[in-house]
Each structure stands twice: as structure tokens, then as C-alpha cells.
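The form predicted on its own is given below as one chain in C-alpha cells.
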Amino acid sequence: MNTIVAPSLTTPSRKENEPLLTLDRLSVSFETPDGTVRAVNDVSFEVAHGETLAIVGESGSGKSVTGQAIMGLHRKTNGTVTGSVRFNGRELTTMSERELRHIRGNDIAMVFQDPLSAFHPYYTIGNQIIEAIRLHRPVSRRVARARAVEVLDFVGIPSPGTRVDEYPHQFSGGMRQRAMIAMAMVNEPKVLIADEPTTALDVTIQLQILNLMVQVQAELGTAMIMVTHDLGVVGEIADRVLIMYAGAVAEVGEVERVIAQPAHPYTAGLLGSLPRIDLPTQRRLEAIPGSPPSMLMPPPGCKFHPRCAFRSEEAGCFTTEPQLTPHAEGRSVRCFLPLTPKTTARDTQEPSRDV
């Protein structure tokens, strides 16, 4: 792709060993008629240049809220954001809206879960991509249109010179998602947040979209945060995985190590619910019992303890909230009694524990 040179922005010099994006004790809460919903609680992680971090969890675990908080999308809602989000050494949470607009859609871009609702129905796909370009680049409409056609072609939209003038409802679901990726990558962002980019797509199209995301990342050298509930996807594209439960980090580490030997019972439960080709076909998949807790009235102690087969009163699971602590092989886990490397809940109903 031909690069459009961005206007220079004054930013502090960055040390080479600093992470590109850092979240430090990020919390997000919402006021509702029924009370305060604490959607995200003290979430901390880092993303390096060119790295792919997958954030995994059930619906309501706080994955999407975390991604939206990075983009500053809770500012005009009833949400309250505390903690720190630093990009390239700059604090995003205290930036003015004007400063943040220079970064949002330019240095940090987002692929939303539902492209039909993310695109404006009254404007053509091309006009919306052109607007995204001209907001951050001092170029003419003609140059921006040529760029829009170029990125639509790159993401695999057939006849991009014609379809650039079509409306979102004229695109299929898979094509809308491709167009959403095109709009997110058009300014060549340094961080791309993909919020469930394959939701509601059939399996073949899902694979195409995931391959496209990997291609985009390779082309631009972009750091990517993949928000998903599908651990099967994570193993294919991510370098590290962060497991979220009830708005907090349950486990984080390198993908290969977490998938091979999960330390948190919730991670093991997610993996146990996936079909595996290396086990007998008659093996019954193990579902995690119960439902995720209400964030209006979360249970005391460990938030996972009502669903955990290994909860222990002696360990404090019922009364004390465990902290995220370092575990074996460079991982961290929020559990008083983490699973040992000897066995996991994927292979047995009674994994051994560190007691």
C-alpha cells in the first residue's frame, strides 16, 4: 500500500524498551437505576509493538468495555473511568477530547463487533472512509477517495472502484466486516483493537476475516488487541492471552503455555468446553456450571467461587478476593489454589492443585 504521510504531532520521545500501550489498574463503572455496575476492575496489562494480545472471556466479563475505554468511548456516557491508559508514553485518560481525536482512528483504531450498526446508514462506505482519512490527513477529497478504493481492494472487496459508492446495507455481513477493517487500517494505526470481528459470520467467512487481520498486521507492523470469547481463535493468531472473568483479569500469559497448562479453573473450564480432535469423539464436553455473576451484586470473595469445583473455605475463596500474582513460566493468575502443571481440567475431572 502507498503510505499517506501524516502531519507531525508533538509527542514525548519514547524509549525503545517501553511498551506501546500500558493499562494500569483501569476500572470502569456505570451508574444505573438499580445501582453501580463495576464492569472493569483494576485491569493492568501491556502491549508491545507488533504484538497480538487476545482478551478472552464470557459475555459480560468486561472485554469490550476495556477496549472501548482505551479508545475513550465512555467519556460521554454515564461511565466513570479510573486508572491509567498510556500510549507511547502519553496518558489518554486525562487528554482533552480534541487531543484524543488526533489519536482515535489514527494511532489507535477499532474494528467494532457489529459493522452494520457501526457504519452510518445514510452515507456510502466510501464517504465514511474518506472522512476518516481527511480527519487526520491534509489531503484532497480526490486523493482520499483513491486511498479508500485502495484499502477496499486490499481487504478483498470485489470491484472496489464501484462498491466504494455503495451503502452499508448493500454489503453482505462478511463484506461489511472487511470494509470496517479497511476503515480502521486506512490511517495505518499503531494499535488495532478488534472487538469480536467474526461474530455472526459463518465459519468460512470467519477464517477469511482472521486471515485478513493477520495480513493487515504483517503489512503494517501493527500491535493488535483481539477481543473474543473463542479460545480456538486465540491459539492461531495471538502471542499472549488475557483471561477476564467478572471484570477482572483471571489469568494472563503466553498463549502456548496457558492453553497447554491453564492455571485458573475458569481458563481450564473454557478449554474443557472446546471439542478436541486428539480425544475420543464420544467424550462429553464439560460445561462450566452456573452463570457469570451480576456485576451489580457480585459475590463476596473470589468472584468465580460459586462455579468452582475446587473452592475452599480454608483457602479463603468464600470471603477474600484473591490478587493477581505471578505463577509458573512467566504467567500470572488470580487464584488461591491454582492448577498444577501435572494435569488440567481438560484431561480429567479432578485436576491436581497447589495446596
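This is a predicted model, so every value here is computed, not measured. Start at 1 and count along the sequence shown; that's the residue number.
The form predicted in complex with a small molecule exists for this protein as well; it is not shown, and the discussion that follows is about that form.
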request  = May I ask you to check whether Thr77 falls inside a 4.5 Å heavy atom distance of the small molecule in the model of the complex?
outcome  = yes
Look up in the model of the complex whether His120 has a non-hydrogen atom within 4.5 angstroms of the small molecule, and give yes or no.
-> no
Does the 4.5 Å heavy atom contact test between Val65 and the small molecule in the model of the complex come out positive? yes
* To do: Could you confirm whether Thr325 comes within 4.5 Å of the small molecule in the model of the complex, counting heavy atoms only?
  => no
In this chain shown alone, the residue from His229, His102, Arg90, Arg141 with a heavy atom within 4.5 Å of the small molecule in the model of the complex is His229
The small molecule in the model of the complex has a heavy atom of only one listed residue within 4.5 Å, and of Val37, Ile70, Cys308, Cys317 that residue is Val37
For the small molecule in the model of the complex, the stretch among 27-35, 326-334, 42-50, 300-308 with residues bearing a heavy atom within 4.5 Å is 27-35
